[in-house]
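Next comes just one chain, in structure tokens: the form predicted alone.
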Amino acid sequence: MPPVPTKGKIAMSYAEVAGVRVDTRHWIGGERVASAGTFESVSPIDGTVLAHVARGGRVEADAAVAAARAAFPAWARLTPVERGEILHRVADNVEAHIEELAQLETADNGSLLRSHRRGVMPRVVLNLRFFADYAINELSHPVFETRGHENHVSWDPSGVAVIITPWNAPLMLATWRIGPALASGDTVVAKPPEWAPLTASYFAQLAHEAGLPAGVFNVVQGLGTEAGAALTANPDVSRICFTGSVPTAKVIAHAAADNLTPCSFELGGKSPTVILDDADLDLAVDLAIEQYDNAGQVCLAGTRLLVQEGIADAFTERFRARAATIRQGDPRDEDTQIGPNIHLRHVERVLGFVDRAKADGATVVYGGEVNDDLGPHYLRPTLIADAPAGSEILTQEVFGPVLTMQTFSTDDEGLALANGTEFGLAACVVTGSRERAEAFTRHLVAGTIWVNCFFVRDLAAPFGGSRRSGIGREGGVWSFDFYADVKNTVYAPNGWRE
């Protein structure tokens, strides 16, 4: 057994955040576990320190994996129906605390409170219920014959899944993986983001209250280079799931390779929003403005606006008029449409992209600076045009409220621009012709394509990225194909004694 970290209380082991009392220690083996060190959770709303959070490392990571490994046999032996009953109880408890979770995550990561109440936290509930029910009702394959022999396909629990999530929607993106992992019969160790860790700890409490057995779900908080590195290098881990940047994924992949641990990666994007000249301009502007959602901190955002030349001037005029009406402010206010960016280091990173784009000769059509009326975390919605082909602003993920605009003449040129990136996570196409949409999307490289819409997601659909935007697909059966060990049992047609 690895060394066991200190159990019990330490100074500042709890925090009161937005009226919610949250434990800032790890959750390991059904108990709260302290660490000698802590790190700060800072609110991007006003820069206040919300909590001092236990900072785990190898000792805590190894203890969590050991607890998950010890809990695995009993959890794996349960039937899908038995696991589903427990997961539904967890979902019910989460649903009863949506307001607390919404307030907590808005304070922690600055996303809109109304979005958390109406969409994000209800999606957390749906993640748990959907995959619990899918394992019971949908996870099957027809029996098929080979020379009179019967083939029976099954999905067996694989072991311990490590789930590492980003800060832009930390609990929703965590449960997108936690749901199918637990429904598969795996046990889980979650490593929340250091810039927004608090809802993971609160979720652990809610899951425990609902009767999730000790060790089945664990939370280790800390930095990626410490807690994350220790988790991904642990040989007792059976699956690694990561949402984040390409450079970090490479580090994780190297660590996983030593143990041949399967990985599922959902990585960066530089997605296009392609607006063809027969598009409804009002719809096109609506969808383009929607790419500023969550202050541009959305991996799927179609940040490259590719507009056909014949409508470019009209589109730009309408876009500027709409952008001027965007209400930026405190994310807790119901009327706010765009809130702050997550961290001052991230603000500096985004502004660096804008400054270098201007130095390359690009034009800032709109925005491009901090909204001084609100504070240093609030970047104004920005549109950049005339960037040189192949420049950084057109090829690298900014992950802030920064869109670029390019024009093209023919559909083939537009397709070449859309595919002219190392990424392939998502794309949006706006056109008035179904036939034209089908022809354009047939060769468009992306894991998800939206035509005349954006952000429509079904949990049964495959989700993931092409090229450097990820490895693998999750959603529906694809999630179970990853978290489980898929097995085929072949029965001979004779030889039975009864």
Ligand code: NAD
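Worth saying up front: this structure is predicted, and the values here are computed from it rather than measured. Each residue number is its position in the shown sequence, starting from 1.
Note that the form predicted in complex with the named molecule isn't included here; everything after this is about it.
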Heavy atoms within 4.5 Å of the named molecule in the predicted complex: which stretch in 153-161, 225-233, 272-280, 303-311 meets that? 225-233
What is the one choice in Gly414, Gly244, Pro381, Gly84 with a heavy atom within 4.5 Å of the named molecule in the predicted complex? Gly244
Just one of Gln337, Gln205, Thr248, Asn371 has a heavy atom within 4.5 Å of the named molecule in the predicted complex. Which one? Thr248
4.5 Å heavy atom contact, Asn168 to the named molecule in the predicted complex: yes
Although the named molecule is absent from this view, report whether Cys299 comes within 4.5 Å of it in the predicted complex, heavy atoms only. yes
My question is simply whether Leu425 lines the interface with the named molecule in the predicted complex - judged by any non-hydrogen atom within 4.5 Å. yes
With the cut-off set at 4.5 Å between non-hydrogen atoms, does Phe463 touch the named molecule in the predicted complex? yes
Residues from 388-403 in contact with the named molecule (non-hydrogen atom within 4.5 Å) in the predicted complex: Glu397, Phe399
